[in-house]
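Presented below, as structure tokens, is a lone chain in the form predicted on its own.
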Amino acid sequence: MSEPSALFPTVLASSVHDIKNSLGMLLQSLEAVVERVPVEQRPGFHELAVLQYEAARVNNSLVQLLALYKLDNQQLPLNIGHHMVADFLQEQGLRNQNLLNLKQIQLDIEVDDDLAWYFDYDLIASVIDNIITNSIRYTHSKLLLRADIEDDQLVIVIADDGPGYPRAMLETPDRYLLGINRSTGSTGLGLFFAGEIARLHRRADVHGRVQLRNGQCLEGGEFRLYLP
């Protein structure tokens, strides 16, 4: 068998980038269509919810693949800035509001208005957006987005009232990179991505990390992102 070309990863990354851009345009067009549907009628458009959810899921996967490719090639810049956490969480909620409305899911946000922290806005937004998108798939009717300080670290929590995470994910969430789960289509890429991005954030010898729990505030799954 011949050796794979050294150019293949670069060509593949370039192709993923092009697909992501095209999908992004499709998502914007789809959101424009949803905006034309009166809010009170949106729960009846189940197909729109499916289209928007699946397109967002594919887009998130492409973003993660590109970021991991750049990270592996030491090309992923880390832009740490000082951000108001309440504004950050509100923006992540708004990004998913149309899908939440279509699926009749209530999103609550709990955070002190004065809480601020240092982190890479875009990378952490990609992590949170992906977890929210996945949670929308599994929750029954509620999501909670919360942030607080624990042991001198910022902790961002995404909780749902669904069935919770499988036991294997609870034990090693940030190393849960699997083959394809045929029943759910999950590869574990999102959790692996979250763990890698969390680890990029460090203060002294403390690195960021992720943790999964079940049966907490909403009795379902709970994703926790720690940023030192």
Partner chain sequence: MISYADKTFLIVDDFAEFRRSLRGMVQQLGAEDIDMAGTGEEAIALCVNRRYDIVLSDYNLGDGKDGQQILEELIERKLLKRGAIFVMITAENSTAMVMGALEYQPDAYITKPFNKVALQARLDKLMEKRLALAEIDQALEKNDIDKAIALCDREISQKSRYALACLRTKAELLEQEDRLAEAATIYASLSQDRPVPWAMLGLARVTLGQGEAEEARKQFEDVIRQLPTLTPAYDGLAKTWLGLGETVKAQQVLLEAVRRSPKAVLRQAELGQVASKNGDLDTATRAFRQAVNLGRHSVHKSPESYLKLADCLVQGIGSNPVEDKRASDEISKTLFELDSEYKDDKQISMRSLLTQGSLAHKQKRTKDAENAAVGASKLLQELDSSSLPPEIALDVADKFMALGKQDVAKAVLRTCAELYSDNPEVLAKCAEQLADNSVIKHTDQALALNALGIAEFEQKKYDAALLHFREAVKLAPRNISIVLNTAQTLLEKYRGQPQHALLEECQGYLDQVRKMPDTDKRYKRFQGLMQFTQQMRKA
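Numbering follows the first chain given and starts at 1. Here the structure is a predicted model, which means the values were calculated and not measured.
The next section is about a form of this same protein that is not shown, the form predicted in complex with the partner chain.
Taking the partner from the other structure, the partner chain in the predicted complex has no heavy atom within 4.5 Å of any heavy atom of residue 133.
The closest non-hydrogen atom of residue 31 lies within 4.5 Å of the partner chain in the predicted complex. Put simply, residue 48 is far from the partner chain in the predicted complex: not one heavy atom of it is within 4.5 Å. The partner chain is not shown here, and in the predicted complex it never comes within 4.5 Å of any heavy atom of residue 140. Among 113, 108, 151, 72, the residue placing a heavy atom within 4.5 Å of the partner chain in the predicted complex is 113. Against the partner chain in the predicted complex, the set 57, 196 and 216 makes no contact: no member has a heavy atom within 4.5 Å. Residues 90, 91, 94, 95, 97, 98, 113, 117, 118, 120, 121, 122, 123 are the ones in 88 to 123 with at least one heavy atom within 4.5 Å of the partner chain in the predicted complex, listed in sequence order.
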